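The chain that follows stands alone, in the form predicted on its own, written as structure tokens.
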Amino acid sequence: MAIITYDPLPDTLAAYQGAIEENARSYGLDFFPTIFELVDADQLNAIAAYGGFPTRYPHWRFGMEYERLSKGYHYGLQKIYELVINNDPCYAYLMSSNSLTDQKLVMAHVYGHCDFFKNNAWFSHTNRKMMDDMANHGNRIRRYMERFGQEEVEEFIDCCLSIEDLIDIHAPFIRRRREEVGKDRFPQADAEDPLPPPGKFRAKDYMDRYINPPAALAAETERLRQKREQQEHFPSEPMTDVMLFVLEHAPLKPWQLDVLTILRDEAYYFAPQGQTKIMNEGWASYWHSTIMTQRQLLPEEVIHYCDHHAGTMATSSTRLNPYKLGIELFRDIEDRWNKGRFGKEYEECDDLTARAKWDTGAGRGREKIFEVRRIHNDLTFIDTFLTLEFCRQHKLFKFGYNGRADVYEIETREFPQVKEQLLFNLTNAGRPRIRVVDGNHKNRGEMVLEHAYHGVELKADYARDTLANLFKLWKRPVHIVTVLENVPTTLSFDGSEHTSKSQQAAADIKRK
């Protein structure tokens, strides 16, 4: 792909940007400084292929994604209207071929995203200088490619990418394990605690440097580490962050450790976006709609705006539209809190006529949606605010495949089933829950993973490919305990062949 260069915004767009930014701030939106870049369609497709970071590390998958986006655009199947990056400052890209109405809509939409990035709690631990760090990551990986060969580095990246979803998306907010004293440092023993820390011999302060010199401490630490890994089972507790487990215990070279660390950091950077897709797009859509219809829309632009807004909000019988669900839920919350349709008194009211006419004039809707934007993710958003009335009003239903008729059809419109399916699809950002339960199976250094089965099976081909790539990282046989066709099954790969053992064998391989 060609080197990407950017054009400054024309005076007309720059003026509209200033006006829309002022409109956004007047509504209470709070965001980092936002830089808009004007690019053509090919440039925007190239940037989108890199996940919004044009200086990212080189890899064949980005070229494949560019080809997909480029063909979709030229064949008229898809078009990227906006792309915004969670950073400080935020970067957003405008397509030069868009109409002026579209550019204004996109700018208003972008400021909604920027406000969400800055203020939503699930983004509070993300790296706000990721644009710079991505460039550093790219430079480091390019140097490894020059030193060790592009093919070898790319093959290693392929292995790492097969487990990039196997992270603990809640780890930034929860301490999963207690750090071991003596693993990385050896603090002095406290006077009230006469026992020395693990890995350190008892000594007076003035004798410590003679009894516990660095070399001896390092040797003792290594001895304890090897003893721990020789135990029949480790980790001591199951680990959801498979990438971290591999990073800490796999026999990798220094450059491989660095590459795996880079990919893990990027996986955690993108994780909150997967956790808040409905809210993020709904919030941005709410504000582009509000700003355009109340402040920026000219009479001659109404039809064009409505046509494109309606296209963005269009629903499908087989696919959930996060823009539509998000914006309608925010509007519903605002309306309910404006009319006082919340609290014990309202919830306990059984009179449907009274509930339909309920309006206390509370006027707290705008305040409430800002609060929701600040503390929720998609899972808690749907769980807390999706109501029976909302489902009936928007005719939500559960859609599924009928194997007998070989067609997709409506399975049910019952509210509990519809909500349950939505929550199920959003749990763990829609990914299978897999954790490491044993890193030294049968004392042979083999890794055992466990899939939390809740009615949805792993894709067999994906599972086999992932086990093969994980073997390349772990260098020892790997297994995953799951359920296939309602039978507990263990899938294994020993470096040469894939095997599958059902029920009894799976019970034998599980942790005791």
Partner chain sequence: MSMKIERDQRRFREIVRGKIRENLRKYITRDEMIGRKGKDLVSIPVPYLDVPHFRFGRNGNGGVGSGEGDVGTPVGQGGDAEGGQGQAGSDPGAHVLEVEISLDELAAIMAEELELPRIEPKGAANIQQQKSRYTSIRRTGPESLRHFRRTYMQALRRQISSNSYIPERPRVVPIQDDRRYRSWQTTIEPEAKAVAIYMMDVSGSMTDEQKEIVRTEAFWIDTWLSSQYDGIEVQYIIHDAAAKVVDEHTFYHTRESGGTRISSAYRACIQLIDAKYSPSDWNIYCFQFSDGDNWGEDNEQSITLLRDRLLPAANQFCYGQVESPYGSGEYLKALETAFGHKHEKLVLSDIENKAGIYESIKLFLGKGK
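Residue numbers count along the first chain shown, from 1. Fair warning: this is a prediction, and the values are worked out from it, not measured in the lab.
Omitted from view is the form predicted in complex with the partner chain, to which the following refers.
Annotation: in the model of the complex, residues Leu320, Phe397 and Ile410 each come within 4.5 Å of the partner chain through at least one heavy atom.
Annotated contact segment (heavy atom within 4.5 Å of the partner chain in the model of the complex): 421 to 429, selected among 421 to 429, 342 to 350, 369 to 377, 98 to 106. Among residues of the shown chain, Pro235 is not one whose heavy atoms approach the partner chain to within 4.5 Å in the model of the complex.
The partner chain is not shown here, but in the model of the complex it comes within 4.5 Å of a heavy atom of Gln43. Among residues of the shown chain, Cys114 is not one whose heavy atoms approach the partner chain to within 4.5 Å in the model of the complex. In the model of the complex, none of the heavy atoms of Leu29 sits within 4.5 Å of a heavy atom of the partner chain. Contact with the partner chain in the model of the complex, judged by any heavy atom within 4.5 Å, is made by just one of Lys71, Arg364, Arg295, Lys442: Lys71. Annotation for 442 to 457: interface residues with the partner chain in the model of the complex are Leu449, His451, Val456, Glu457 [heavy atom within 4.5 Å].
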